[in-house]
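Listed next as structure tokens is one chain, alone, in the form predicted alone.
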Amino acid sequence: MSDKPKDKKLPPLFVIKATIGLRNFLIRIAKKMLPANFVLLEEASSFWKAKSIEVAAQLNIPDLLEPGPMPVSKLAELSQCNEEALYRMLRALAGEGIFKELRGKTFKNTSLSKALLTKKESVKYFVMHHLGTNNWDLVGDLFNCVKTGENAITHKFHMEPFEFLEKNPEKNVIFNKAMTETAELSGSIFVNAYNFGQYKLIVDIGGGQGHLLSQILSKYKNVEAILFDQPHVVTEAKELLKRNGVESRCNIVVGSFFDRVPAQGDLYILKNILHDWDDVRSVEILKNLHAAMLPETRLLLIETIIKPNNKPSFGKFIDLQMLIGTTGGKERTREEFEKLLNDSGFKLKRIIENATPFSFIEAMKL
């Protein structure tokens, strides 16, 4: 059975942007109508909701409710929880549209809680990674991060972030599943937002288990690809490519992008790679790509771009995750990306937006 998700039927991008803009405008108006101290108190209390979502995911409550509504007594029995405590948490979430409470302390799934089901295009493991015990403690170290600029993992555990994951395999499993979920959620949107079919050979640098390449190759039958990543990362890639029927057109190459990368591709993709590294290491990665590329080859960075405004931004808060969880990693502005590219021998060609918070930054050799 293929793992390829169905294409998302989304409204046009301008409609999505207009809707988000209207929502943000109404939220700002509502906040201005209320006393500032009440608004800030509400904002500062949102951690209760966030943590409750993670606990519900960890307890598999959405999966237990998938067959249909269930009384909290049965939910408590199946999840091995205190009935009253579980009820109080689910009641709070139901007030936010995450689950729905029926008569008799019975609960059912909603469209929001179904996003935590253990299935394709879920955010269950993303939630468990970001709000679970490990990252919850790291976020608690934000004060020290802001004071010193040191990431929380190095401060608390005296090791580098990727070394920490390597030495804590149970946490690494959740992390990898979270990254897989984000790839599955955004992949079909990415594939429909860019003409990958114009290239004969696409090289995905740091492409993980091959989710994005699988979707590209499934749509564009004339394209061949190389999946490049470290040995322990690509362990499941061959099976995933096979399930999608594209393994014959994708060669898996192992290695480190700090050493060298496969040469002579027509398009090189770096998806959410540079935000893990400081400017010096990012330039090092880009220079290795530059050395492998032909003059007409294109480079496609897929990253969030921080815009110079006071509007709500997914990227601005993910940037704080980079602060606490990487050594020098960060989300960047357009100007910062242009400088990285110029310092590495590239020039920015264009930026393409889509329905996700991530933009396509297309570049070519100078």
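Note that this is a predicted model, so its numbers are computed, not measured. Numbers for residues come from their place in the sequence shown, where the first is 1.
There is also a form predicted in complex with a small molecule; it is not shown, and the following applies to it.
For this session: Decide if the three candidate residues Y199, N222 and G265 all line the small molecule in the predicted complex, where lining means a heavy atom within 4.5 Å.
Result: Heavy-atom distance to the small molecule in the predicted complex: none of the three under 4.5 Å.
Exercise. Among 120-128, 70-78, 88-96, 275-283, which stretch sits within 4.5 Å of the small molecule in the predicted complex, heavy atoms only?
Worked result: Of the options given, it is 275-283.
Exercise. G187: heavy atom within 4.5 Å of the small molecule in the predicted complex?
Worked result: Looking in the predicted complex, residue contacts with the small molecule do not include G187, since no heavy atom lies within 4.5 Å.
Exercise. Looking in the predicted complex, any heavy atom of G245 within 4.5 Å of the small molecule?
Worked result: No, G245 is distant from the partner.
Problem set entry | 4.5 Å heavy atom contact, F164 and the small molecule in the predicted complex | Contact with the small molecule, no.
Exercise. Should I226 be classed as touching the small molecule in the predicted complex when contacts are defined as heavy atoms within 4.5 Å?
Worked result: Contact with the small molecule, no.
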